[in-house]
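The chain below stands alone, shown as structure tokens; this is the form predicted alone.
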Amino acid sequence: MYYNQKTIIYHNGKYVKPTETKIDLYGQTLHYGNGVFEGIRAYNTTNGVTVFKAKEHYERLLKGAKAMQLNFKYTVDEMIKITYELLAKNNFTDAYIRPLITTGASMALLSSEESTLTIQTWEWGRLHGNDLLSMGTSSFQRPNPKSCFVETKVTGHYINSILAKNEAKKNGYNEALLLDMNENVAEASGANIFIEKDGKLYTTAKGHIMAGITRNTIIDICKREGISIEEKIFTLEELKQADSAFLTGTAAEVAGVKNIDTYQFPLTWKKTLGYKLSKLYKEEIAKSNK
């Protein structure tokens, strides 16, 4: 699904085939989840192949590496250059990009002094497709922000997402809604949530969430277009009184939500602000530059 005999990846300073690489079976990423990654998309725009928000994504990758005290030497500009070269080597114009920093062997509970950069890319459609999502409230909470760095994409953090998503699927839903430690709405398993009420948008305030780059882009579009938006803490009960809802994320882009548990959102999707923003988001991508 993710690679074939022609696929090229970047690994440890070289462009190689996935089958020509190996992982350290004693590495800290494998044993303890101490690694950092990003999810990025490239699009074929009127300005050519463009890695959308490349700078912001790679800055966040470096922020994660610093938070986990990884010895990592690549710069943002170097990684952007490698990414464009990798896309060209794979003949990709629309693709998903996964940079991953893995760590060396160390069984001690201190960050390894070694790190390796791997960048993979593959053709991948929107995470949730084009259908509206059915979401179930998870029994799992987002981690306490005093327990880890919730705004970094650390590999081990995503066990929380996998548990919630597995539970949602088992219960007949497409996606999970996670609450925070105070039982307020946090986010989906891998995306941020927005709700619409009486012509105004609300999204979860920072603190207990991974405040995504797509989320930030949607907020910027709202401000530019004069769409009222507020970042705030809100409860599950408030969410279940909203007119509509949607998720945002690099993999998901802008995805409409049909229901939360048994609550059906009353607004028809095409009449919602989420639908309008999904079109404006595509326009934002289309006019983006390298």
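The first residue of the shown sequence is 1; numbering continues from there. Fair warning: this is a prediction, and the values are worked out from it, not measured in the lab.
Missing here is the form predicted together with a small molecule; even so, the following discussion is about that form.
Looking at residue 50, you'd find every heavy atom of it more than 4.5 angstroms from the small molecule in the predicted complex. Proximity of residue 248 to the small molecule in the predicted complex falls within the 4.5 Å heavy atom cutoff. Put simply, residue 95 is far from the small molecule in the predicted complex: not one heavy atom of it is within 4.5 Å.
Using a 4.5 angstroms limit between non-hydrogen atoms, residue 214 touches the small molecule in the predicted complex. Of the stretches 105 to 113, 68 to 76, 87 to 95, 187 to 195, only 187 to 195 has residues with a heavy atom within 4.5 Å of the small molecule in the predicted complex.
Between the small molecule and the residues 117, 82, 210, 132, the one pair within 4.5 Å by heavy atoms in the predicted complex involves 210.
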